[in-house]
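A single chain, nothing else alongside it, follows as structure tokens in the form predicted alone.
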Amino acid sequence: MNLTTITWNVNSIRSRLGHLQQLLREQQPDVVMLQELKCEATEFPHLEIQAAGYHAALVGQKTYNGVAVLSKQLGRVVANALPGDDSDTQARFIDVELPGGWRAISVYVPNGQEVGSDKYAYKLNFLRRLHTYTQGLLASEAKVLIGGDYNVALTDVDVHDPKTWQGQILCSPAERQAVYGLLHQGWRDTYRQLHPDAHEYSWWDYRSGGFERNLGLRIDYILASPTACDRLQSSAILREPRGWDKPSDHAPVVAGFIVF
């Protein structure tokens, strides 16, 4: 028995609903972690998602942010906000417990705008809070997946032009070190586990023919706890949806696991 999981920044669920429905039909994933819904919970397409065979747990926000976990089996929301800052009202985190001892977290890390800005400081603080939260999950030995748009290209292999991007937002040393902190905890980058040297990307700017020229970054990941990664069977970046009409600027990332 297999468990197929996908993470995808849809860049507006209402604008990309048809694309999501197509992806669900074609890939038949068991779990989908979505980011950047850009809608409140009341505006989320619950009926269409139910018709596709999925339960939806989400945290919405008007116009910005928003995360969700879709699952074929009903899950239980463990947390709908990242602890550590009561003043943070942005919808960027949801943790859902699923049947069979699995947990799926959808996370939308802030972009940071510019190195040294207030938004950059918020991004680093968000990643510190995520680090604290995930440390406790590893101690439980649960089978946990953290899928999301991390807004960090971890190494130069993940960047189409490392020289141009050196030190810039998404590639700065402090951002990279923050995500490395998760890997040092014991989380595994499922794509890199199976494709250690591949130059593939998950995001391309809408401007300047970024996708057509393959001027991309790999900033979307499914991180797995060791107990989940022991079951890892496959992982891929699905480029095709990025070429659909009026696409998200992100491509879905898929990881498959053996359930035993």
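Residue numbers here begin at 1 and follow the sequence given. On a predicted model such as this, the values are computed, not experimentally measured, just so you know.
Same protein, other form: the form predicted together with the DNA, not shown, and the subject of what follows.
Chemist: Can you work out whether the DNA is within 4.5 angstroms of a heavy atom in all three of 38, 108 and 207 in the predicted bound form?
Modeler: Every residue of the candidate spot has a heavy atom within 4.5 Å of the DNA in the predicted bound form.
Chemist: Pick the stretch from 190 to 198, 26 to 34, 56 to 64, 230 to 238 whose residues have a heavy atom within 4.5 Å of the DNA in the predicted bound form.
Modeler: Heavy-atom contact with the partner occurs in 56 to 64.
Chemist: With the cut-off set at 4.5 Å between non-hydrogen atoms, does residue 123 touch the DNA in the predicted bound form?
Modeler: Close contact is absent here: in the predicted bound form, residue 123 is far from the DNA, nothing within 4.5 Å, heavy atoms only.
Chemist: Is residue 12 close enough to the DNA in the predicted bound form to count, meaning some heavy atom within 4.5 Å?
Modeler: The answer is yes: residue 12 has a heavy atom within 4.5 Å of the DNA.
Chemist: Any chance residue 160 has a heavy atom within 4.5 Å of the DNA in the predicted bound form?
Modeler: Output for residue 160 is no: heavy atoms all beyond 4.5 Å of the DNA.
Chemist: Does residue 119 make contact with the DNA in the predicted bound form, using a 4.5 Å heavy atom cut-off?
Modeler: Looking in the predicted bound form, residue contacts with the DNA include residue 119, since a heavy atom lies within 4.5 Å.
Chemist: Does any residue in 75 to 102 get within 4.5 Å of the DNA in the predicted bound form, counting heavy atoms only, and if so which ones?
Modeler: Contacts from 75 to 102: just 92.
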